[in-house]
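One chain follows as structure tokens, the form predicted alone.
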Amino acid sequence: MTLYLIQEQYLRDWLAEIIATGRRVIAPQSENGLVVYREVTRAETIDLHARAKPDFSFKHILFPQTETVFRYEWRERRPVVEDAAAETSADAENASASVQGEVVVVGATPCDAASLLVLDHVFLADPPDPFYARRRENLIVIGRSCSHAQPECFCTTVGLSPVSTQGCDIFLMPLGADLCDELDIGSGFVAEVLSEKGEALVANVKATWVKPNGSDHSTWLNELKAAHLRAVQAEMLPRRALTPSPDELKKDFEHPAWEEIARACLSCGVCAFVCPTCHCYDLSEERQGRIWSRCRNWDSCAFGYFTLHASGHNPRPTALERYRQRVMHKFCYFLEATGANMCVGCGRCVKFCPVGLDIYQARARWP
């Protein structure tokens, strides 16, 4: 890890240079009353002091909501398959996530950056998903610390925090006013360069990046992060940490509390669609003339037909089984398989649930 101090204007100049190189730069942008990750063409439109996390994560860049896996055409009573691996979805958003070039996400929140580790477990396992693998290889993540907490945030209960750097190639944190005055830089950031991708991205601009004085940078950085964390944590609702205990959840698989918890669920699936780590998908066939396309589309375990077998049997026929599966998958099954929760505590599923289901409260019923 390499540490730098940088003035805000130099940081913006550097981002402008990245855009000028032809890389696609994605950053949170306001759009129709929401804040979403979108491609930017001017560095001055990037909000380096955003108060809140975006309403949606950037998982669509790696895992588009819909994309063509392959196409085929019937010729002389035989299917001729066309490999679509080098293409992305026709979805307009996917155009900004071409597998051909680098994509730089600027301003990723700690929860969104950490979600990449979950998606990596799923899509880079043997055999790796070629679509995801190509996009992931070309992705560079510049994260930022959260400056404020929102009511639904509970990242600190799942092992993360507003200053976590997991999944980031570079991590930015604003310097306090006293430090900026001391350094006489107006406003600025501390930048942690955490990976080879990050080092390559700053290689040509180090002249404007200053290394802090002294040799004990880790102590200085830890104190800075601790102060930042205390300030943000003071805005978060008091919640106990969720202890990893899959056995407790499995022991109470048939507990009557599940019926009470899931009673309000509408099975609308919005929780999965806004979740940065949910990754279920379905495959469908679409036809245009003689050309057929095999398409991959986001799916949700909340939907009633998600587990419907061809025989007509459905092992999760009601919202009770489906919502319990959602909680168990995130805090039990995935934890047993990988050693990590499948939840990053962003709270978007809580914020957007039309009936106010709270996955933290559901999980917190158990030790």
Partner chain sequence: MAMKNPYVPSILTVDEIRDETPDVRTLRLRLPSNGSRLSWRAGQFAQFTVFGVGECPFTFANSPTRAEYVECTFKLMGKVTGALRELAVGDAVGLRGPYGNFFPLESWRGRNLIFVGGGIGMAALRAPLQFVLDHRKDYGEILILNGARTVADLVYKEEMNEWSAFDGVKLIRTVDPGGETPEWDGEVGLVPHVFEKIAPTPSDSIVITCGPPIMIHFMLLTLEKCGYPKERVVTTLENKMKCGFGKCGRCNVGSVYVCKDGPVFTAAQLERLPKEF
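Numbering follows the first chain given and starts at 1. Keep in mind that this is a model prediction, so the values were computed, not measured.
One more form of this protein should be noted, the form predicted in complex with the partner chain, which is absent from this view; the next part is about it.
A.B. asks: Is residue 44 close enough to touch the partner chain in the predicted bound form, meaning at least one heavy atom pair within 4.5 Å?
C.D. replies: No, no contact at 4.5 Å.
A.B. asks: Check residue 129 for me: does it contact the partner chain in the predicted bound form (non-hydrogen atoms, 4.5 angstroms)?
C.D. replies: Yes, residue 129 sits close enough to the partner chain in the predicted bound form that at least one of its heavy atoms falls within 4.5 Å.
A.B. asks: Taking any heavy atom pair closer than or equal to 4.5 Å as contact, tell me whether residue 230 reaches the partner chain in the predicted bound form.
C.D. replies: So residue 230 does not count as contacting the partner chain.
A.B. asks: With the partner left out here, check for me: in the predicted bound form, does some heavy atom of residue 122 sit within 4.5 Å of the partner chain?
C.D. replies: Residue 122: yes, in contact with the partner chain in the predicted bound form.
A.B. asks: Look at the stretches 217-225, 275-283, 237-245, 162-170 and give the one with heavy atoms within 4.5 Å of the partner chain in the predicted bound form.
C.D. replies: Result for this chain: 275-283.
A.B. asks: Each of 306, 321 and 336 having a non-hydrogen atom within 4.5 Å of the partner chain in the predicted bound form: is that the case here?
C.D. replies: Every listed residue reaches the partner chain in the predicted bound form, so yes.
A.B. asks: Heavy atom within 4.5 Å of the partner chain in the predicted bound form: which of 264, 179, 200, 133?
C.D. replies: For this set of options, the contacting one is 133.
A.B. asks: Heavy atoms within 4.5 Å of the partner chain in the predicted bound form is the criterion; list the residues of 251-265 that meet it.
C.D. replies: Residue within 4.5 Å: 253 only.
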